[in-house]
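Encoded as structure tokens, the following chain is the form predicted alone, with no partner shown.
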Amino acid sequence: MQAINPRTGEADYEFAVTSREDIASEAARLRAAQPAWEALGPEGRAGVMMRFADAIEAAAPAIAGALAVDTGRQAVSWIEIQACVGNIRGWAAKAPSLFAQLPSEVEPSFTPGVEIVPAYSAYPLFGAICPWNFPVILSHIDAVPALMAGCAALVKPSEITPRFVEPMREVLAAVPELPLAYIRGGPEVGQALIEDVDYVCFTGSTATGRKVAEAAARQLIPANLELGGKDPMIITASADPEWAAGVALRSSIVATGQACQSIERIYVARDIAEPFLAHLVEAAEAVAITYPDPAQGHLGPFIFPPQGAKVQAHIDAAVASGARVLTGGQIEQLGGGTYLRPTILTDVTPDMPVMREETFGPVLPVTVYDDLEDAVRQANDTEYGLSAAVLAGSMEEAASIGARLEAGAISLQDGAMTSMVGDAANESRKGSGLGPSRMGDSGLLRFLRRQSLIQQTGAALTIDAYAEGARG
């Protein structure tokens, strides 16, 4: 397959698609290594994972270089690597205490003379199908706790951003006892992965997530899905409009808005709407794109060029239906890359695609509301329920509103905090996901299967006792 450089628009990288036979072989190799890995115990695994983190840090220049070409981003590439290393070290530090807290005492059964001893074992082979927007962190966000739980892990990064796999494979060579492998290719490789693993995690669009869930159901394996979002932000009349504008902008456009937790709908009280919009436009127009120098500016190109066309279609459809563009609004082709400056829309209506579908770009549609109850209703009027945000004059006011929003994680007095806070357990609503939280303790515990050792402390029943019982 070929991969496109998002800054030049050229197909300048080729890679071999992992064959079906090689996927099966890799899965068999990992399964063979998994019992010894699980037998190390949480402390032993933590030691290996710390070495893995050290090896990533040592190879950071090579990984960041590949990732920067994959995504067209420099600063965010380094942030990704730091986040990945932090994730590994965090789970390595926490896993031993989580295992120590698992119930292990003998439990008396309701059945007289019977005791139950709880035991736990990891799913042998975990699989991940990962997206292109944050290739390194999202290729490991589930794999790391799965490995710490005792699973082996098989990871398929997106075929849109495949370059970082080469330096990561060199990292793995430095930690040979770690049962982790990467495979590359398109949807057919993802399908093969599902057929060969015992538990699958998928991060991506809701439409593709449904296909993954169906494929996993045919295999009778668990599917953990982190899917799309259309995150709302409610800003109350008591919020400082300049502060709110700064938070809303950052929460919407970081990484060119190519993040599932990006704020994609803003509801602001009429009392502060005018100054809020003035500050928002001023801040948006101060944002620079990273062209021609990728080391300068804030917003890089669209990683997947067709995404730029989708975002432009959302903007154009909104304008055609009466929305106004206060700043931005037009895709720019620069040096072969596809860019969009922060775009602020007003006079939007709930039926517009920019208000109903995941846009995945630096677009901020703003709705002015008169009644808070109506703002909450509009915020909840969506097929998604990933996350949301509330900005108010006090934490108490924000919390009272946030508790009414139908989403898994609610940022109060900030926005898009799930990108920064990895230990806040939450479960997505509606079409934004399925399964236990990848955050918090459940991020690891979901990969453990409960087993019960049922101890008969009295006399085991005989066949004659059964017959006697049947006669009453």
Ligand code: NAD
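Note that the coordinates shown come from a computational prediction; the quantities given were computed from them, not determined experimentally. Start at 1 and count along the sequence shown; that's the residue number.
Beyond what is shown, the protein has a form predicted in complex with the ligand; the following relates to that form.
- By the 4.5 Å heavy atom rule, the three marked residues 80, 140 and 256 all fail to count as contacting the ligand in the predicted bound form.
- Taking non-hydrogen atoms only, residue 191 approaches the ligand to within 4.5 angstroms in the predicted bound form.
- Among residues of the shown chain, residue 182 is not one whose heavy atoms approach the ligand to within 4.5 Å in the predicted bound form.
- The ligand is not shown here, but in the predicted bound form it comes within 4.5 Å of a heavy atom of residue 386.
- For the chain shown alone, residue 156 is a contact residue for the ligand in the predicted bound form, at least one non-hydrogen atom being within 4.5 angstroms.
- Of the listed positions (328, 131, 294, 222), a single one reaches within 4.5 angstroms of the ligand by any non-hydrogen atom in the predicted bound form, namely 131.
- For the options 205, 349, 121, 378, the residue carrying a heavy atom within 4.5 angstroms of the ligand in the predicted bound form is 205.
- For the ligand in the predicted bound form, the listed stretch (224-232, 111-119, 245-253, 70-78) containing residues with heavy atoms inside 4.5 Å is 224-232.
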